[in-house]
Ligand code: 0WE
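As a starting point, one isolated chain is supplied in structure tokens, in the form predicted on its own.
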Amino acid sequence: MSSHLPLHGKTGVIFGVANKRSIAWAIAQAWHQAGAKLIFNYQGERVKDNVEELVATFGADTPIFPCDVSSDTEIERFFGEVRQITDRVDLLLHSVAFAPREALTGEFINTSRQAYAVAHDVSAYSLVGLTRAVLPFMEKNGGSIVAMSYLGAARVVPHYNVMGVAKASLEASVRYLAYDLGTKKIRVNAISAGPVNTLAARGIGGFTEMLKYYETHAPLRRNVELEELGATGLFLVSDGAAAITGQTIYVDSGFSVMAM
């Protein structure tokens, strides 16, 4: 690895890779190509083989540990494993969201208390929990944290329902964390991505129509590519973004600026 690579000598932790179509994987590839050493989580046995196979392409010794972000104990255990490898983490990617399937159909008004709590716990609070856990690894040298959001946080997207409300909570958490951590030279930002055909997205009703709608209405008249999200993920943790924190950056072919 050449020392002129922008992330040479840096270590990143990636949460949220499920398969090769994951936005988290696109960002992981960009960070890896820029010279970062990466550590991955996997959520449950269902995705373990998938993630292990992908991660092995970075080298057989790339660390991967289980972590369910809805459990403080598992987060603690995960970072205990990280500490066996390194005492310094420079980058953290939070690309984790979940809401019960029944909460993503029908009307938002019918969201159950349980579904509301689960969506906020996994999709928003986990950023706070992971940031608190990574803080001791970043306090000496500073760092950069990136979370993934979506336009449903700011506007109504039919069928997105409670996930939109949880993403609004995530974006507000980004701002408050940015304020708390700014003096420690730790930056916290979110990327609000246009729709991408990921495992998570396919759970949203009318998703194919949404892709077509973006193509005809976004200023660039196309959907965003995974590689473009990877490039933005790289930019936000690089020196070029040194004065950017607490922001939600829209990477959606301009769709978010349109009224009609």
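Residues carry their position along the shown sequence, with the first being 1. Since this is a predicted model, take the numbers as computed values, not measurements.
Here the subject shifts to the form predicted together with the ligand, a form of this protein not shown in this document.
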Worksheet item: Would Ala97, Val157 and Met210 all count as contacting the ligand in the predicted complex, using a 4.5 Å heavy atom cut-off?
Response: yes
Worksheet item: So which of Val165, Leu104, Leu181, Met138 reaches within 4.5 angstroms of the ligand in the predicted complex, heavy atom to heavy atom?
Response: Leu104
Item to complete: Would you mind picking the one in Leu54, Ala218, Ala34, Ile204 that has a heavy atom within 4.5 Å of the ligand in the predicted complex?
Response: Ile204
Fill in: Exercise: Phe78 in contact with the ligand in the predicted complex, heavy atom 4.5 Å
no
Worksheet item: Would Gly230 sit within 4.5 Å of the ligand in the predicted complex, counting heavy atoms only?
Response: no
Item to complete: Work out which of the listed stretches, 149-157, 173-181, 83-91, 68-76, brings a heavy atom within 4.5 angstroms of the ligand in the predicted complex.
Response: 149-157
